[in-house]
Ligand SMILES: NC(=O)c1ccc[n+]([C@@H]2O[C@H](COP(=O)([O-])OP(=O)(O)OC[C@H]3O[C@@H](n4cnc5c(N)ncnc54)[C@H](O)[C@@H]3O)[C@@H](O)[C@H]2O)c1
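For reference, the chain that follows is the form predicted alone, supplied as structure tokens.
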Amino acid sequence: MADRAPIGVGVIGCGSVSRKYIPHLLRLNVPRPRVDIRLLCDVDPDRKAEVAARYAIDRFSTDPEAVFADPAIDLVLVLTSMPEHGHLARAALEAGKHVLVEKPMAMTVEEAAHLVELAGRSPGFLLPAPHVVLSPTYQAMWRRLHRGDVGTVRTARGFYGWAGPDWGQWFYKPGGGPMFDLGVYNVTTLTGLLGPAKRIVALSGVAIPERVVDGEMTKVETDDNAQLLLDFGDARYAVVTTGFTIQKYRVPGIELYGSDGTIQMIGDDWAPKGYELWQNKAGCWQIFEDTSGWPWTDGIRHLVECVETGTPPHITPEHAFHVLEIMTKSMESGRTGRALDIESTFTLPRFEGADLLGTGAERDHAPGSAE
């Protein structure tokens, strides 16, 4: 692997999200060259000077076709606004590239189904965001659950929201909204930990009809407030709270309540700081801290490793499709008031080994002690 030529990379979308991914890409070249950013692309020509100054990369185009047509590009990052993800990811796969597409991978289940089918026969891997299953905290919690440390999980909760962006009017138009922008993390995490959902019901609507976005009053045309209930079968349920309606919060991002204990994530699932574990047999809270500094852009590191080794990614298009079906049906359920069956399924990624965030990473809180 040391003599392998660097993987050629093209980046489509040079806005705020790229400012996290491109530095992550560049860090992969230490201590040896692993990636070569061949071309940056954005529909806004003014971004050329910005990225040249920021990254000393002057290879720039406003035409995504230049990325797809370049034979030196092996891997494409799609980091545009959400409504553009599906057709750009499709074009990249059709060109034979490996693709990392930011969340969600498409805006409709029809478009996403085509991506899943295309990825199944494409020479390139398709790795959709979010990348929550890669974090050390998630994987430690997964191992805890699957070795039975809290018994059978019967109820769970995910929480992620904020007041909403004052830029990008597309956030508040059809194809935008907090479920696709924020709730996607919780839905991905909960289904990754508990398996495919079988049915959903939701309350979803527009709580703030008008907002100032990009300096002008904007009509909100998609739901900005949601409560989603997931049914995993056998009376096992989870709820996701999300919205552009939340100022601040101090609750775990993920909570799982089992027959023999509780496990809850410290921080958000896109930026976890560890987890807290209660086991009835121990009678105390144990705190396992994650000091890895895991970044939410870690999918690019994972995809580069998969390309180098020829190993399929832990993150699968089928899981992303299942999450998208849940999210789109949550809005339908919010409109109709009906519970809706989820038709898709996926195979859970497995994480072998016993790394539970390491020896010495835990503190015990005995019953009655200060929390």
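Values in this document were obtained by computation on a predicted structure and should not be read as measured data. Don't overthink the numbering: it's just position in the shown sequence, from 1.
The following text describes the form predicted in complex with the ligand, which does not appear among the structures shown.
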Of 204-212, 101-109, 234-242, 257-265, which is the one stretch near the ligand in the model of the complex, taking non-hydrogen atoms within 4.5 angstroms as near?
101-109
Picking from 300, 197, 133, 79, the single residue whose non-hydrogen atoms come within 4.5 angstroms of the ligand in the model of the complex is 79
Counting only non-hydrogen atoms and a 4.5 angstroms cut-off, does residue 15 reach the ligand in the model of the complex?
yes
Answer yes if any heavy atom of residue 85 is within 4.5 Å of a heavy atom of the ligand in the model of the complex; otherwise answer no.
yes
Using 4.5 Å between non-hydrogen atoms, is residue 249 touching the ligand in the model of the complex?
no
Can you tell me if residue 26 lies within 4.5 angstroms of the ligand in the model of the complex, counting non-hydrogen atoms only?
no
Stretch 126-140 - residues with a heavy atom within 4.5 Å of the ligand in the model of the complex:
none
